[in-house]
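The data below hold one chain only, encoded as structure tokens and taken in the form predicted alone.
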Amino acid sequence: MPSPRIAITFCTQCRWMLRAQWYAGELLQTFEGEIGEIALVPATGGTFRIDVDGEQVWNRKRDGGFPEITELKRAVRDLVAPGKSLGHADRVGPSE
């Protein structure tokens, strides 16, 4: 089975490249053995979206802003490595 591809599509007009790079680094560090590629995809029009093998995990417009990193890691984990423990990121806080 091929390794999953994560695409982070970000708005260049909004200057969200550094945010996209940070998310990419966090996901690479957490899922180094489970993913095959992370692509940064420049776009315009306020777009910020994260897809795993074409399945939309996060959409800034649909989901109301940017994800907390623990929320994003859990969503990606559920698709690429369902049995993987995320340690403290698996703990649900009082506001979640």
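These numbers were taken from a predicted model, which means no experiment stands behind them. The first residue of the shown sequence is 1; numbering continues from there.
Keep in mind that the form predicted together with another copy of the chain is not shown, yet the notes after this line are about it.
Although another copy of the chain is omitted here, in the predicted complex none of I69, K73 and L86 has a heavy atom within 4.5 Å of it. Interface membership of G64, defined by any non-hydrogen atom within 4.5 Å of another copy of the chain in the predicted complex, is ruled out.
Remark: G36 counts among the residues lining another copy of the chain in the predicted complex, judged by a heavy atom distance of 4.5 Å or less.
A81 falls outside the set of residues with a heavy atom inside 4.5 Å of another copy of the chain in the predicted complex.
By the criterion of a heavy atom within 4.5 Å, E55 is excluded from the residues contacting another copy of the chain in the predicted complex. Annotation for 8-37: interface residues with another copy of the chain in the predicted complex are F10, T12, M17, Q21, A24, G25, L28, Q29, E32, I35, G36, E37 [heavy atom within 4.5 Å].
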